[in-house]
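One chain comes next, on its own, written as structure tokens: the form predicted alone.
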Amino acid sequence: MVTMSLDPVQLMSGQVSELKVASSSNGNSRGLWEEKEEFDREHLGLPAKPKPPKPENAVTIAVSSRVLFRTEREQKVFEQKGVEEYLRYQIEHENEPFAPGPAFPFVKALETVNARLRDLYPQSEELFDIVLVTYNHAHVGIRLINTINHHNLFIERFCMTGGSSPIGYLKAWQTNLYLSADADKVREALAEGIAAATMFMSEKITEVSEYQLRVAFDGDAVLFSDESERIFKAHGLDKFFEHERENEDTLLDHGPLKGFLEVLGKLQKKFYAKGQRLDCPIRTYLVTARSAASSGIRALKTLRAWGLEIDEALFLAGAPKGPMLEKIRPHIFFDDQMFHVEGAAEMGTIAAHVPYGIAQNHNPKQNASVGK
């Protein structure tokens, strides 16, 4: 597996002038320049630019610049020459766009879903809203904006913290999912109740769908709590099977990504309501090491009791997940165990580690990838 290096997370010096946008004459918060842009686009015959939804209505996905784009070269400048040279380098190269990173296909798929939702529900704000989060100084923002425009991404919300932790801002944004390459910040987000995962760059990347967002989840310690996994780690497989049989009518507690599956399901139902169940641009998968007959019933009963639908469920009974994921071709796969993440990445799947639960005590490589 390819490890990721530490991104510049130190406080960076420098003064940034405050930019103030005048309010429109009717007193609302929209600036005059926004109204002028809409007027110009309308009279030039250009399509209206979509408006970002209000955070309270949106499914907010916070993505760090380190996983949305590839910044390895800039990282070397920082490590070898320090902060000031790093800032100078970024400014000198601000018209050179970054290449796509591991989260890029996922973000593009979110935008595809948004386009379909806007066609069906023009006035609705129940959409994905992408927030770019970076430890970088605001001076680097120009290059990030140029990159976003170059790749034709619709990302209007930025959070450039200049080295400070972004977690407080994530809570203010009402974030539904945070993706980063910094394992420490991911753990901090999880501790605050924010669904989060550490992403990795793989040498081999499988081509994914441009028309359907595919998200694959592990079960225990991802969608569900780590209760059953604790039994397995402490007492072995036989005791685990016995525990699951005895408790098959007892619901599992929720795990850190249950809420993200819920919001995906909510958006799926908007397509179902328009008769598009078979043409839904969101598809979800459960890919678990559980055995179907021995321990699958409890997992399925829990999902049903929660009112959550999984489009496809794969119970692998301990078999490797990589080959199945290669067939699914998800935009992202979430797992709490590094060897599953590594196995998926080796076969080209973009995999994200959820550092939650008892398995972290058995993950010697969980800190091997840090960055931003």
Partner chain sequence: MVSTVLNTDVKQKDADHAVVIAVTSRAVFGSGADDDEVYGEGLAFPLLQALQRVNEHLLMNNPAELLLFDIVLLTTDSQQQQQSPRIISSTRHYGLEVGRFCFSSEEDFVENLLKNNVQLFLSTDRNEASQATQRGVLSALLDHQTASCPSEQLKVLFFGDAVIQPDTGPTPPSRQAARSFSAQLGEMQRRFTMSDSPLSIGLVTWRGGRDSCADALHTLRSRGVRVDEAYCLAEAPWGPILSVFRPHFLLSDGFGGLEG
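Numbering follows the first chain given and starts at 1. This structure is a prediction, so every number in the text was calculated from the model and none was measured.
Absent from the display: the form predicted in complex with its partner chain. The rest refers to it.
At the 4.5 Å threshold, heavy atoms of Gly259 stay clear of its partner chain in the predicted complex, well away from it.
When contacts are judged by a 4.5 Å heavy atom cut-off, Gln276 does not count as touching its partner chain in the predicted complex. Remark: Ala172 counts among the residues lining its partner chain in the predicted complex, judged by a heavy atom distance of 4.5 Å or less. When contacts are judged by a 4.5 Å heavy atom cut-off, Val186 does not count as touching its partner chain in the predicted complex. Taken together, the three residues Ile194, His254 and Leu300 all stay farther than 4.5 Å from its partner chain in the predicted complex, as judged by their closest heavy atom.
The contact with its partner chain in the predicted complex, taken as any heavy atom within 4.5 Å, belongs to Glu156 out of Glu72, Asp238, Asp119, Glu156. Contact annotation: of the candidates Asn247, Thr112, Thr161, Ser209, the single residue with a non-hydrogen atom within 4.5 angstroms of its partner chain in the predicted complex is Thr161. The chain is drawn here without its partner chain; in the predicted complex, the stretch among 238-246, 138-146, 217-225, 289-297 whose residues come within 4.5 Å of it by any heavy atom is 138-146. Interface residues of 71-96, taken as those with a heavy atom within 4.5 Å of its partner chain in the predicted complex (partner not displayed): Val83, Glu84, Leu87, Ile91, Glu94, in sequence order.
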